[in-house]
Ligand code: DC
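Below, in structure tokens: the form predicted alone, a single chain.
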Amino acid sequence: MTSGAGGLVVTIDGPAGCGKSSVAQQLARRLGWQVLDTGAMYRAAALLALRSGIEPSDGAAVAAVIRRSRIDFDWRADPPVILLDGEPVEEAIRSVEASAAASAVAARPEVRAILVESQRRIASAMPRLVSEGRDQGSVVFPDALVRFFLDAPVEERAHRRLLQLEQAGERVDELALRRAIRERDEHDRARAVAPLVRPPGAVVVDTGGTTLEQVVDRLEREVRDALRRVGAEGTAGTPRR
């Protein structure tokens, strides 16, 4: 199989700061597909926990509050904007506090079960989807058309994250950010449920020292080759502007 219940799926996994979101958005635009940022869903769950005064590591409590809330996207936006009970929270979920809480939230099996179900439900409603995160090719969509795993040196990933935070008006020490990313990597790879791994058969792409355009070029070639192999050349859609 090469699809989610609703159509074709391409997955992009990798550690924090390797460029998954930017690459996924650009690839989806070129293909004329929709894009799903699953990391934003876990960050939204973390933000929900923080706002509710719940310890992010309390999986049962976080899962309960997620069930009473609605984590969704505004699919009319490009890229789609994460919504928490209808409120756009894109900036709020990118804070250092929310990022740290997201790591604890994502390690809880009760939370992952709910959000994985939501991700598959989204895919079932989308004819063509580029889905990015940390377990998309290994757990959520193991039969995806193409599964990618992006990576880059910690130093480069920390610098990219630093620039993002500075653009958002936050001041962060880059050395502290490197330590935080290393800790996040270790935590994500060591967790018992859906750890960060390179899915068997995934196309591994090192984004270090390359431009966004070069990375997207590589992924687009791989996807279009896969579409030709399965006889689905006509499903790429119209590039979104």
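Nothing here was measured: the structure is a model prediction, and the numbers come from that model. Numbering starts at 1 and follows the sequence shown.
What comes next is about the form predicted together with 2'-deoxycytidine-5'-monophosphate (DC), which does not appear here.
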Tell me, yes or no, whether R94 is in contact with 2'-deoxycytidine-5'-monophosphate (DC) in the model of the complex, where a contact means a heavy atom of each within 4.5 Å. yes
Report whether the minimum heavy atom distance between T38 and 2'-deoxycytidine-5'-monophosphate (DC) in the model of the complex is within 4.5 Å. yes
Using heavy atoms and a 4.5 Å limit, would one call R161 a contact residue for 2'-deoxycytidine-5'-monophosphate (DC) in the model of the complex? yes
2'-deoxycytidine-5'-monophosphate (DC) contact at V130 in the model of the complex, heavy atom, 4.5 Å: no
Interface check vs 2'-deoxycytidine-5'-monophosphate (DC) in the model of the complex: of R178, R198, R191, R29, the one with a heavy atom inside 4.5 Å is R191
Among 146 to 154, 167 to 175, 70 to 78, 106 to 114, the stretch whose residues bring a heavy atom within 4.5 Å of 2'-deoxycytidine-5'-monophosphate (DC) in the model of the complex is 106 to 114
Sequence-ordered list of residues in 41 to 80 near 2'-deoxycytidine-5'-monophosphate (DC) in the model of the complex, where near means a heavy atom within 4.5 Å: Y42, R43
